[in-house]
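The data below hold one chain only, encoded as C-alpha cells and taken in the form predicted alone.
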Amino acid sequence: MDGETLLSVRDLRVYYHLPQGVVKAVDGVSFEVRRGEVLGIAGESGSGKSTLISAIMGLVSPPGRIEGGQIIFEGRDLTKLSPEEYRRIRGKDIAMVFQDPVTYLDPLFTNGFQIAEVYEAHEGVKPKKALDRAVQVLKMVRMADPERRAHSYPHQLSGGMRQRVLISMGIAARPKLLIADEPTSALDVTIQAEIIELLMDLKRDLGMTVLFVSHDLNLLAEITDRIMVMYAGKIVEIGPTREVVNNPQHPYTEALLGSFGFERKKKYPAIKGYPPSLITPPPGCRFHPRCPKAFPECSKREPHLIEIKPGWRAACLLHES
C-alpha cells in the first residue's frame, strides 16, 4: 500500500526515571504511517505500545520524558512544540479513543457536555451549538436515542454505549490521525464486533488514518493494512499484515501468533517466560532468553531491522547470517 507519509517517528526514545533506575520504555523506535492506512501495533504488556502512543499524543508525564528522536506530523516535529501548541493539535488533528471509558469519562458531566468540549476548545463554538453538534456525532456512532444519551451521565450507559461516547469525542473534530488504544478490550465479543465495524466505517467515511493498538493479533489481522510488532521497547517486525501473519520473520511474532491460537499449517510454539526488565534488559537481542531459535551470538549482538522484502523488515540475527 503506497501513500503519502502522514506521521514519521524517528529514533524515538522515551525513558522513565525511577528510584530503581531508568526504564527505557521506548528505545530507538522508527516507523512511518501512510495517509489513509490502518497500522496495527502489537505486543505484550510492557512492550512499549502505550508509551509510544502517549508520546505521539504529547501525554508523557514525569517521571517519563522524551530523551531523543523526532515525531514528524505533516512536516512538523511535535517534540519541539510548546504545551499550548500541542493542545491545539491534540483532539483536532490527532485524536485518541482510550481503552477504558470508566477511567476517561468524567462522571460529573453529561456525555453531551464532554463531547461538546471538543468543539468549544478547537472551533470556538458556543455551548448550545456545540451540544447540538454532540448529538449529531452521537448519531454518527449509531447511538440509540442520541438526544437522551447526550443529556445522561456515563454511569447511566452500558459499556458499549460508553465506548461510543469515547469514539464520539475522538472523531468530533474529524482528526487526520485517530489512535485507538485497545478500544474493545473491556467489551463482550458481540459488542466488540459492533465497535470494530463502526470504527472501520468511520475511518472510511471521514478519510482518517488509524493507529490501532492491541495485543490481539487475531483482531489486527482482520482490520489492518500493516502490523508493527514491539518487544521490550523496540520494533521487532513491521510489514504488510497478510505477509506478517502468514509467514512471520521474527520468533517473537511467531510466539504471539501461537499465543492467540492462529490456525495455520505450521504450529507456532506458545510464548514462554516473562518480558525482561526495561531497567536492565538482557544484552544482545532482548528476546533471546525466551527464544526457541536463539544461538550464542544472540546474547552478544543486538539485531537491527533487516529488509525481508520491500516494506517488510524484521530484527533477528537469523536474517543477518
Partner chain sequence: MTLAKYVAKRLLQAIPTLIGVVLFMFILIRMLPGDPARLIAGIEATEEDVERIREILGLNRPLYVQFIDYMKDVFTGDLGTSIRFGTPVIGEIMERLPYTIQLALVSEFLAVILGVPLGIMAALRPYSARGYLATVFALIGSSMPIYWMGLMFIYLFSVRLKWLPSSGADSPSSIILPALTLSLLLMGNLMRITKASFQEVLGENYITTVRAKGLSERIVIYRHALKNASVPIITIMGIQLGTLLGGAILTETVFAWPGLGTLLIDAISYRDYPLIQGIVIVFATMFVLINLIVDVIYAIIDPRVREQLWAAEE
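Predicted model, so just to flag it, every value in this text is computed and none were measured. Positions refer to the first chain, counted from 1.
Same protein, other form: the form predicted together with the partner chain, not shown, and the subject of what follows.
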- Message: Just to be sure I understand the contacts: of T103, S82, N218, T190, which is the one whose heavy atoms reach within 4.5 angstroms of the partner chain in the predicted bound form?
- Response: T103
- Item | Single option in R242, R204, H155, K139 placed near the partner chain in the predicted bound form, where near means a heavy atom within 4.5 Å | H155
- Message: Does the partner chain, in the predicted bound form, lie within 4.5 angstroms of each residue among M57, F113 and E117, using heavy atoms as the measure?
- Response: yes
- Candidate stretches 155-163, 225-233, 209-217, 131-139 - the one whose heavy atoms come within 4.5 Å of the partner chain in the predicted bound form: 155-163
- Task: Considering only heavy atoms, tell me if A121 and the partner chain come within 4.5 Å of each other in the predicted bound form.
- Result: yes
- Message: With the partner left out here, check for me: in the predicted bound form, does some heavy atom of I167 sit within 4.5 Å of the partner chain?
- Response: no
- Message: Check R148 for me: does it contact the partner chain in the predicted bound form (non-hydrogen atoms, 4.5 angstroms)?
- Response: no
- R90: heavy atom within 4.5 Å of the partner chain in the predicted bound form? yes
